[in-house]
Ligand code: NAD
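The chain below stands alone and is given in structure tokens; this is the form predicted on its own.
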Amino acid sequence: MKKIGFIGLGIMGKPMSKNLLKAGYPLVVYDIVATAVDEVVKAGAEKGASPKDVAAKADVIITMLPNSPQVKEVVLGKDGVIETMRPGSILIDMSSIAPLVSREVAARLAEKKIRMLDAPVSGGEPKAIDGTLSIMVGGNQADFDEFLPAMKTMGASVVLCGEIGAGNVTKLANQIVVAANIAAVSEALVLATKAGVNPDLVFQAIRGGLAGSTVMNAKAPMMMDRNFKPGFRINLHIKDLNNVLDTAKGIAAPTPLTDEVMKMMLSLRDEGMGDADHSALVRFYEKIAGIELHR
């Protein structure tokens, strides 16, 4: 079983790395937050001193980082993994970043005969913990097939969507749907409350019909329970929607719904809610309506 280097032990990366350990993969880990590293080391991983050190000790590198600049720094920067990765080894970047950056990083690695898959995920912290993430992959079919078993320890759905960058294009599409869905659920339940109808009963009535969705099932209860502990932060969704809008502008694709939800999220961030779960989008509607959702 190949040794895996895992870099990025945040809300998502930490449980993902633990699932690899549970599946028996030898793991060496690194993060700038020492307490996160210590927790995964306690679960059985080896500690790495830097991205470069991790790459020197592992056959496969998985990165789970906040955005494009961090991926470029960890992979291509000073003491980056490119300095010690061996020809024929592979980087699996599971971060959600701009597709063009995925292609840029892959091209630089290819110069050293290093392979790459871009494999962003969806599902938030709960699915990261139970290993049922949706993983969207871009890259070569043979590389995908080779590392599918490792990815399946972290995800229930692992789909090859095309060449390098296709994984992150798919993730952008996913984030449009999730953002618009959370906004629609917020709008509907605030309308119900404002009209004097219990939002929980509305939720129970419509969840089994065409309006039902994984997003509604996950986020409507959080809204009504006032539980905005982050599974996926508003700040991170803003980052993803920025990548959507930048990509859309480059290819002249219309994104009116994304534009509107982005304005709502930016408004919440300006009010200090950037680190709240994206279900807190309901607060935008509540403020205008002058009510709060409760069961």
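Numbering starts at 1 and follows the sequence shown. Since the structure is predicted, the reported quantities are computational estimates derived from the model, not experimental observations.
Below, we refer to the form predicted together with the named molecule, which is not included among the displayed structures.
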Here the chain appears without its partner; judged in the predicted bound form, the stretch of 188-196, 154-162, 79-87, 119-127 with heavy atoms within 4.5 Å of the named molecule is 119-127
Using heavy atoms and a 4.5 Å limit, would one call I11 a contact residue for the named molecule in the predicted bound form? yes
Hey, in the predicted bound form, is V33 touching the named molecule, heavy atoms inside 4.5 Å? yes
How about E73: is it within 4.5 Å of the named molecule in the predicted bound form, going by heavy atoms? yes
Give a yes or no for K52: in the predicted bound form, does one of its heavy atoms lie within 4.5 Å of a heavy atom belonging to the named molecule? no
Pick from V244, M64, I61, A45: which has a non-hydrogen atom within 4.5 Å of the named molecule in the predicted bound form? M64
Taking the named molecule as it sits in the predicted bound form, which residues of 74-101 have a non-hydrogen atom within 4.5 Å of it? Please list them. V74, S95, S96
